[in-house]
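The chain that follows stands alone, in the form predicted on its own, written as structure tokens.
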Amino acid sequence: MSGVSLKNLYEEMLLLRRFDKLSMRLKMKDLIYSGYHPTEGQEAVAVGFCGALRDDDVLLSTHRPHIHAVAGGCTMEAVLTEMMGRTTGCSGGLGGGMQYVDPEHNFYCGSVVGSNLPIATGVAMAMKQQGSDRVCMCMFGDGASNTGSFHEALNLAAIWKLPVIFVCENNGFAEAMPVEEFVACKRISSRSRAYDLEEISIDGNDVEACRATADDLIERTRKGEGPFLVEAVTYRIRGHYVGDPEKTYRTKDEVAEKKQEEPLVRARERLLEQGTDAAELDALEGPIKERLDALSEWAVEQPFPTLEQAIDNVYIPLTEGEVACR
């Protein structure tokens, strides 16, 4: 498992959990722009899959991208200030919380459900044409598996044997609709049969299982055995968005029960069973809090884009000759 210990994986998940909570607080203060979608309970998928990629691999995410981005190698400074609309963000503060890019770290996301799937297929096609051993990983939710782009992307990727891993982060709900109400099959991974791909479903709350699966599929993809579709079954502890009433589609008892199975609880229990001292795990909180407190203080001091910067990427600049023709 890439030589990464469970304790290290737990620490990475803990950092992402606290980063998500910080982001939620900033959103409630109206300091994060565009939409913000909490990720509590889904850290094992981010750490397990996104964290397994190589620096030159490409990662595409969804409208819930922030922990994918950080787990995949983007800095928290660039991600947080991008969500806050500041110039130090990875897209200069112009993308907001749901549609930004970080070319330096090969990370891309977008807010249109399912839109990243065909883009991932195109990226993987370029990788194959270049003859590299790079891998493209595409994260998407259960709702995106019902879009036409899902079929188109997987079909072409399978036909052309492209180096892409499609990871369906099945968190149980597409906004306010339980997955069993809009997916006819019991497992989304069973749709892989239509493209003659392996059927792979894993426990998305088990960070070790996520990392082991990611390591295996990435290695096989580098050898030309791709593409792959994997379903990581997890649970969205928070609402779809900050302020989601939730009561229209699930009960508090259901959420409380699922909290007993979430990734941090599972990993901590396993570490304790293996003999790790509870105080050693508790001690991880202090440095993370200090780091995030400093990050928050720094982030709110960063500048907003000027009007000129805000519109700089809207139109292609005209030459003098083109201006004269107009």
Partner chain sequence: MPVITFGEAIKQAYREEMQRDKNVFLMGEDVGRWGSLYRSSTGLLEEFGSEQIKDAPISEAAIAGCGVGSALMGMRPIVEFMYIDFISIAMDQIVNHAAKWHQLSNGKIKLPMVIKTQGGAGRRNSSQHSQSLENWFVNVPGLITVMPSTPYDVKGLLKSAIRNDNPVVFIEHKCLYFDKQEVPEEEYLIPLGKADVKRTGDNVTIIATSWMVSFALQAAETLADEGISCEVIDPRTLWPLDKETIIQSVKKTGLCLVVTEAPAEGGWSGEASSVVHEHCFSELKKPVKRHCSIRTGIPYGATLEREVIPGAESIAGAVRELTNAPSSSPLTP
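Source: prediction; values computed, not measured. Positions refer to the first chain, counted from 1.
What comes next is about the form predicted together with the partner chain, which is not displayed.
Undergrad: Please name which of the stretches 208 to 216, 222 to 230, 85 to 93, 159 to 167 has residues with heavy atoms lying within 4.5 Å of the partner chain in the predicted complex.
TA: Residues of 85 to 93 come within 4.5 Å of the partner.
Undergrad: Candidate spot 58, 108 and 155, all three in 4.5 Å heavy atom range of the partner chain in the predicted complex?
TA: Contact check failed for every one of 58, 108 and 155.
Undergrad: Can you work out which of 143, 73, 172, 118 has a heavy atom no more than 4.5 Å from the partner chain in the predicted complex?
TA: When the partner chain is considered in the predicted complex, the option within 4.5 Å is 143.
Undergrad: Does residue 314 reach the partner chain in the predicted complex if we count a contact as any heavy atom within 4.5 Å?
TA: Contact with the partner chain, yes.
Undergrad: Does at least one non-hydrogen atom of residue 249 fall within 4.5 angstroms of the partner chain in the predicted complex?
TA: The answer is yes: residue 249 has a heavy atom within 4.5 Å of the partner chain.
Undergrad: Taking 4.5 angstroms as the cut-off for heavy atoms, does residue 98 touch the partner chain in the predicted complex?
TA: So residue 98 counts as contacting the partner chain.
Undergrad: Counting only non-hydrogen atoms and a 4.5 angstroms cut-off, does residue 245 reach the partner chain in the predicted complex?
TA: Residue-level check for residue 245: yes, a contact with the partner chain.
Undergrad: May I ask you to list the residues of 23 to 50 that have any heavy atom within 4.5 angstroms of the partner chain in the predicted complex, in sequence order?
TA: 30, 32, 33, 34 sit within 4.5 Å of the partner.
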